[in-house]
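One chain comes next, on its own, written out as structure tokens in the form predicted alone.
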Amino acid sequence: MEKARPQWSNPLQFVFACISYAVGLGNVWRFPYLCQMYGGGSFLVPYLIMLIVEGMPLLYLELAVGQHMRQGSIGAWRTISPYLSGVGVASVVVSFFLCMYYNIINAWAFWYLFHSFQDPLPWSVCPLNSNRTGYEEECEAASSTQYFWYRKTLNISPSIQESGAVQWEQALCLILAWLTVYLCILRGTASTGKVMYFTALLPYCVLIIYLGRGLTLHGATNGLMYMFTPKMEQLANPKTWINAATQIFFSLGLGMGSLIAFASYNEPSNNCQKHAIIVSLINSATSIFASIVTFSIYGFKATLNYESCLNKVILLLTNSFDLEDGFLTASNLEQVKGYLASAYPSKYSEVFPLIKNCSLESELDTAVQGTGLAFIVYSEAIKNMEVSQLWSVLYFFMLLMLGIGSMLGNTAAILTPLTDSKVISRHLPKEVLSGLVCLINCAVGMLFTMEAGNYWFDIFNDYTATLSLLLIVLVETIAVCYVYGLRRFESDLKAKTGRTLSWYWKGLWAGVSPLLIVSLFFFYLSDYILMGTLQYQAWDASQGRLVTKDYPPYALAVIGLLVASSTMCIPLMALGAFIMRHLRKGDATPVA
């Protein structure tokens, strides 16, 4: 007798699982960067349009497929057509690659969390050199927060060619991160559903606390004004619309099989249309809310840097021209500089090269995303807050919850199709299978704890999913609308949920969304071709900054394999199904 499929305890548990998976680090460290780069408040216009015409429809499509087929990604697409099992396999491969590198972010969050209990924070000051006669040169060339990230955390090598050794502290943190994930997924939906209440709700509590603190910080209004001041000319920039569509697509986690896996544990009559709207709106609202928090802190940091720059210029001019203390201020600086230049031209010309050009606007224009925002910019701001240890603990604990929530979705995308397989589930209990997946990913993930690990992290982060997921979701929409048949799918949904599919969903599934995906696919493809030799940012310890280098041939080969290994699953599995079908026909042909 076939075992009954596990189910969520209630619909709310399913919604929290989807929110915990979709609301991740991208909401905190990529969306604010896009706002900064593409017009501040005006970026919200293309973002919300793309949410309506791309995000909601595709999310609803995946939830509807998972709930209707009641299987993981491989089984669901194989049910629609034997030739489409490669779509599910491609999703599992992408999720496997994602799990390999994504959990290192949780390891870094653990590392920073443990160090947050120190007083003072270890990234707040530069360490003394070995002779104790001054500070470390690398730290003085960069900053204390950059030094702690690149040297103390990553111990980064000068290039990807110099792999270096495994950093045992980071390796232990990675093992801890995977152990945490394993304990959360040990009992399937029974344990995952309960954990996701926590991973979904806690980040909002921390963000609300941070908003209250952020709004009271000196210079916070400068950051918020920068965010909400629209630059309408950016609406004419095609890249603004492309990045808005890309952010919606990837922040919802489409194409990875996680949403299909989650929906497969629903009651067949569940209103997944309502849940698709709720999850997509909460995901986008979180991005905007996180941006308000980020820009208030960004304004604080930019204002501090601007005022520090002004104070250095004031001190330089006061000492150089023997001015009275307190005479030179930020309000009369430009006026006095003009007077000194005209009254003492020769002396001013000697001092002029040392005078920095201080600008609040240029400080706010410095756009940072990814790990640079999460582990450098935020820690730079936190170290200047009162009771900095408290704010540091809260922030890195929030990052950890966001990362673990996303990891639970990524592992579900792998484990659900595997546990659906009767061959695998007959020989391996769920706990053993979960342990093996975690163990394999942890072992491979040790690559990212090496001295060159951050360069490999960037490769996986930049190239694992982009083209692959676009192709997967494109095939998914075509499969539902034109292989399974939109009318047939509509009637199946109506029979199970009792709700008719509106023209809005049908029109977007059949036409608008696939065209958008094709446009994005060709944009990224042409962007890679026009870029020429692919490059990466390497840390130069002597200069204390990032420098651009070309990827070596073997790194380019790995990039090609990452893209091809998932995308090629679709045609290869279809070809395999075609051959097997014809072989069976040949075997079934009666002998005369």
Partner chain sequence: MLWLLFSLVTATHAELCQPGGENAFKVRLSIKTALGEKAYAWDVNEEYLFKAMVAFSMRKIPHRETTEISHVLLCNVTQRVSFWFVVTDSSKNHTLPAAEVQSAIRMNRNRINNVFFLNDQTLEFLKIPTTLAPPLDPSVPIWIIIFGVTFSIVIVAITLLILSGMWQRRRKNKEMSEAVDDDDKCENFTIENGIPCDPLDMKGGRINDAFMTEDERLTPL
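Here the structure is a predicted model, which is why all the values come from computation and not from measurement. The term rigid core refers to the maximal set of C-alpha atoms that superpose within 1.5 Å between the two forms. Positions refer to the first chain, counted from 1.
The same protein also exists as the form predicted in complex with the partner chain; that form is not shown, yet it is the one meant from here on.
Q: May I ask you to check whether residue 506 falls inside a 4.5 Å heavy atom distance of the partner chain in the predicted complex?
A: Residue 506: no, not in contact with the partner chain in the predicted complex.
Q: Since only the chain is shown here, I'm wondering whether residue 426 would be in contact with the partner chain in the predicted complex (any heavy atom pair within 4.5 Å).
A: It does not: once the partner chain is placed as it appears in the predicted complex, residue 426 has no heavy atom within 4.5 Å of it.
Q: So in the predicted complex, does any heavy atom of residue 451 sit within 4.5 Å of the partner chain?
A: Because no heavy atom of residue 451 falls inside 4.5 Å of the partner chain in the predicted complex, the answer is no.
Q: When the contact criterion is heavy atoms within 4.5 Å, does residue 394 count as touching the partner chain in the predicted complex?
A: The answer is no: residue 394 has no heavy atom within 4.5 Å of the partner chain.
Q: Pick from 381 to 389, 465 to 473, 185 to 193, 272 to 280: which stretch has a heavy atom within 4.5 Å of the partner chain in the predicted complex?
A: In the other structure, the partner sits against 185 to 193.
Q: Contact check in the predicted complex: 296, 300 and 478 versus the partner chain, with a cutoff of 4.5 Å between any heavy atoms. Do all three pass?
A: Not a single residue of the candidate spot has a heavy atom within 4.5 Å of the partner chain in the predicted complex.
Q: Just to be sure I understand the contacts: of 210, 489, 265, 111, which is the one whose heavy atoms reach within 4.5 angstroms of the partner chain in the predicted complex?
A: Answer to the contact question: 111.
Q: Heavy atom within 4.5 Å of the partner chain in the predicted complex: which of 398, 173, 227, 245?
A: Of the listed residues, the single hit is 173.
Q: Considering only 139 to 171, what residues come within 4.5 Å of the partner chain in the predicted complex, judged by heavy atoms?
A: Residues within 4.5 Å: 168, 169.
Q: Given a superposition on the rigid core, I'd like a yes or no on whether residue 504 shifts its C-alpha by 2 Å or more between this form and the one not shown.
A: After core superposition, the C-alpha of residue 504 moves less than 2 Å between this form and the one not shown.
Q: Is residue 522 displaced by at least 2 Å at its C-alpha between this form and the one not shown when the rigid core is overlaid?
A: No, because once the rigid core is superposed, the C-alpha of residue 522 moves less than 2 Å between this form and the one not shown.
Q: Relative to the superposed rigid core, does residue 117 relocate between this form and the one not shown - that is, does its Cα move 2 Å or more?
A: No; residue 117 is a residue whose C-alpha shifts by less than 2 Å between this form and the one not shown when the cores are overlaid.
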